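As a starting point, one isolated chain is supplied in structure tokens, in the form predicted alone.
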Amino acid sequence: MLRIAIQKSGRLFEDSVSLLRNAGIAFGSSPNRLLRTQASNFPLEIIFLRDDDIPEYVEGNVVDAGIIGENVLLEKQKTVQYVQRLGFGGCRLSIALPKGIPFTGKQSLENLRIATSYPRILESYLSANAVRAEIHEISGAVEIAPSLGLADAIFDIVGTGSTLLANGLKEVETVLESEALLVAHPQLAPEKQEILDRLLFRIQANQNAKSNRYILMNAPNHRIDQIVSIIPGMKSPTILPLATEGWSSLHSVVPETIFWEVLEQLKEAGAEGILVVPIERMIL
């Protein structure tokens, strides 16, 4: 049995639950009722914790693995094994100043009082850039610190930036781009590592599917070589003859990052009847 910790509330909770369910893990209870639940079809126990506690629980081998924001992991500085970036929970940790204060570069932060819930990350950034500033560690409502006279600037999570604007602040420096990570205890027992590998296999199959599209098209045979050069596929496109003489159907997989560019090229190369189909799972 593998024991994994996820947030019991907060911005990573719903995506973490969806990640496990999309990997075919069936479980019922949520942290609204219980702080732990067991999958009915996979050797996995899910523990619901505060996000700040997850790195310590993984390091201490209380749980075997955890889903945690990169920002929290770096701030807590616990010894865990990085396993996989999960592609959700994206945010950035940035420095923000009141709108009326000019910012011309990192040295504009010299001798300022900066309020934050992430003092270790901020201290590392200031040290790396030879900036002397006073760090004030506070929890919650960091963005109101300048208006209360507690600080000259803040260092905090920024999503859309609307909270900063509402409090008369402007984002001036991005220090960290963060997303959710799957981490594990550095020395898992072999049987637990085998379960984690199985879980990771399922997660990666879902991630591969989300980042690719399956396309089908018809093309005249004399254009096949040109089209194949545009869509090499995972190994090579599948080519099937059509009932209409001189025409074939081509099937391939195209990465999401170049999807629209490829479609335009295919149209120009003579492809017709192009269909785009979402991929449920994709095993590389």
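Start at 1 with the first residue shown and count on from there. Small disclaimer: the values here were computed from a predicted structure and weren't measured.
The next section is about a form of this same protein that is not shown, the form predicted in complex with adenosine-5'-triphosphate (ATP).
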Please tell me whether any heavy atom belonging to residue 175 falls inside 4.5 Å of a heavy atom of adenosine-5'-triphosphate (ATP), as the geometry stands in the model of the complex. no
With the cut-off set at 4.5 Å between non-hydrogen atoms, does residue 12 touch adenosine-5'-triphosphate (ATP) in the model of the complex? yes
4.5 angstroms heavy atom contact with adenosine-5'-triphosphate (ATP) in the model of the complex for residue 55: no
Taking heavy atoms only, is residue 125 within 4.5 angstroms of adenosine-5'-triphosphate (ATP) in the model of the complex? no
Picking from 117, 94, 206, 71, the single residue whose non-hydrogen atoms come within 4.5 angstroms of adenosine-5'-triphosphate (ATP) in the model of the complex is 71
Go through 149, 90, 186, 105 and name the one with a heavy atom inside 4.5 Å of adenosine-5'-triphosphate (ATP) in the model of the complex. 90
Tell me, please, which stretch of 95-103, 82-90, 164-172, 127-135 lies within 4.5 angstroms of adenosine-5'-triphosphate (ATP) in the model of the complex when heavy atoms are compared? 82-90
